[in-house]
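Next up: a single chain in structure tokens, the form predicted alone.
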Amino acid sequence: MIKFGLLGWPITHSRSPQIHSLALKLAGLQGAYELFPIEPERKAELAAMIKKVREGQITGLNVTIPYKQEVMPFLDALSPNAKNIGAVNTITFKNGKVTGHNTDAPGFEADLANNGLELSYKPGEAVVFGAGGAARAVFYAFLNNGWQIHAFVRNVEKSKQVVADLRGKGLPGGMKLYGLADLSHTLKRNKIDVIVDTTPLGMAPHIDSSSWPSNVKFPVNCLVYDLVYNPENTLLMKQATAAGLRASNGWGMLVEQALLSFEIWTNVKINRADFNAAWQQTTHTP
């Protein structure tokens, strides 16, 4: 039987088991998707988990915080985008090698397209909050399509290495790093097409927080995208819609990256429309 799983901490809230169980059903495959929580104090267990993939005990793994970079030394190879992003969220064993992939970036790009924003159609400018593990994939998606990124972080010094790593990949886009106090000034000088929040601000149970300062006006005619999907309507999204803007949560990205991981593991492509229809027939709601 096929066995998949999610590696990370904490992961009890994850919707991945439901998503992949439905994907298995749609693909007509017998299998299971399990959670493998590993506390940071026990990260030595990462090597044992990767060994299980190598030995065929586990068909494939997803990886989430805080291990998207921690697992990389235990792998034999990286896909091109995982290498460029510097983070792994999908692991498989094929052709004698345990390989790390990153489906977060194409998953993010696909869901922006679902929201009417084709990154490759016309490069523009983006405001991104945060520079952590989740941000790396977002940065890559924009830079790889020639976009200009204005990244806002709490600690500029701490985030400089992430920017330096991506700048060194020769991607066509550009990127600047700012402190949060520079937001208003930057908005006045640039035409922003999309705002993306990669931070956990606004995530349940801390639903009363937002990266967007209440005293700063939103740019006109831009999309606001919050990677948080619980709650379904975050405070940032409420702020954006109150300003007359389109807003989306990260549920679509979660599904897109999951189905891409599933395809890597099984070579079966699940149609997104079919998945959405089947999901709506279940009791699951994002």
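Heads up: residue numbers just count along the shown sequence, starting at 1. No experiment lies behind these values; they were computed from the predicted model shown.
If you look for the form predicted together with a small molecule, you will not find it shown, but the lines that follow are about it.
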item: Per-stretch contact check against the small molecule in the model of the complex, the hit in 53 to 61, 22 to 30, 39 to 47, 226 to 234 (non-hydrogen atom, 4.5 angstroms); value: 226 to 234
item: Heavy atom of each of G133, T198 and M253 within 4.5 Å of the small molecule in the model of the complex; value: yes
item: Contacting member of M203, V163, L187, L171, with respect to the small molecule in the model of the complex [4.5 Å, heavy atom]; value: M203
item: Proximity to the small molecule in the model of the complex, single hit among K176, K158, K97, K83 (heavy atom within 4.5 Å); value: K158
item: Contact flag, I65 vs the small molecule in the model of the complex, heavy atom cut 4.5 Å; value: yes
item: Contact flag, R154 vs the small molecule in the model of the complex, heavy atom cut 4.5 Å; value: yes
